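This document opens with one chain alone, in structure tokens, the form predicted on its own.
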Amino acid sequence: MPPSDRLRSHRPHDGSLLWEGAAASAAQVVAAAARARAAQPGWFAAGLEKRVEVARAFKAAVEADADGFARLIAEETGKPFWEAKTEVASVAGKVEISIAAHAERTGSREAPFKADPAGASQALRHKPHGVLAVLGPYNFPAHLPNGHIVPALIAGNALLFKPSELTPAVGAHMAGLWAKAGLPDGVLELVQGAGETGRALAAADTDGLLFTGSAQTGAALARQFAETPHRILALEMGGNNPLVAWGLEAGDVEAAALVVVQSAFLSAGQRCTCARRLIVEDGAADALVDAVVALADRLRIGQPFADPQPFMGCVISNPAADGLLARSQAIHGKTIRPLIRQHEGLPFLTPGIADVTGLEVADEELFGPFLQLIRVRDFEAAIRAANATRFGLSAALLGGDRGLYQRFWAGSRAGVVNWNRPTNGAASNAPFGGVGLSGNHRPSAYYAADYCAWPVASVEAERPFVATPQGIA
């Protein structure tokens, strides 16, 4: 096999080779779609009880392999081992959440059809789309694609799953756990590859695509799907998320600084919900800024299995680190804390903070540990600044009373709006998603069941009957 057909994954924290395998050709994608298409009717016909049984067996397999699974995630992403373990716990926890969501949001119900004198019944049931493609991201290579995979399988779909080309080993491992759980052959087809493979997958014989990733890729997928409106396209993308600090009590500054640091720098800033912009009252926020800088100075940055464990690890790759450094330097704001590379040749970055008040800054997602400070004069200006983005995923208010928060909630434009809590760390038992470039109004997490099946409304009777219409002699 030519070298161009090989996919390689390296540990970002030291550059060593972790995994190597074949990238799927366009013809192999077509063949995988055909296998999934052939397997799907039998998977749906097996019934909900059987599908739930397999999903619970997958949960048990994940829990039994929790330590090894977490180690693999940490190695391939560079995130701390403690954080990788929380990701594995979320993968297992998604199963029962999805079972409950399926019953609540896409279950079946029947009732008498009151308008029918013959005693017909009215029913609502749901059908799977058929074959769905799932494209996963690298920042949570197990949890985020799993958030599509579990509800889609419970609904009765077959899947084509392409992990990120930066985290193929985690994707392969997770597919193996589904096979171990007893998922029939063909129901989950693993397709490895980079951009060309993703485009082939989007063009394959599927009934839709479930995507988590960048706004740029999501826009490309939307263009590709423009000629096939009958196929479902669920897009969960990034954010240029605002964190507004207003009216903080002096005794709350240290706690608020912790919220800011977690919002901006958790996972090395590689969460779509991370705060990218800290919006503060001009002349009244110096204590908070000083506390944030002091706390950022104390953050441990290190390898996944370092002891003691670091707060955050590296970003996903050297090209990602290079891009972040170049884009942050192009902003030309007032540097409060520089974003710098800790080790030459490795993608470890220190948290960066820059004051960009009054500057025209590109509305883009800087996917790393970089926070932009914006000072404004009044709360109305703070809301305008928060909404001055094409994205709309996450937003939070620090400080103020409930009345101020209600103003912020009503005026903000985001799918996740928090008060005195970080912008990141959304709950899986709630819907998750955003507006604008952050997504296409199909929230994932608990509401994923909604786009994994489609409703069928029926009026049903044992014998044919209809009231004699007017106009029949």
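Small disclaimer: the values here were computed from a predicted structure and weren't measured. When you see a residue number, it is the position in the sequence shown, counting from 1.
The protein also exists as the form predicted in complex with ligand SIN; that form is not presented, and the subsequent description refers to it.
> Only one of Val170, Cys272, Met312, Val261 has a non-hydrogen atom within 4.5 angstroms of ligand SIN in the model of the complex; which is it?
Result of the distance check: Cys272.
> Just to confirm, with a 4.5 Å cut-off on non-hydrogen atoms, which of Ser98, Asn146, Gln372, Asn139 contacts ligand SIN in the model of the complex?
Of Ser98, Asn146, Gln372, Asn139, the residue with a heavy atom within 4.5 Å of ligand SIN in the model of the complex is Asn139.
> Which of 422 to 430, 405 to 413, 59 to 67, 45 to 53 has heavy atoms within 4.5 Å of ligand SIN in the model of the complex?
Careful reading of the contacts points to 422 to 430.
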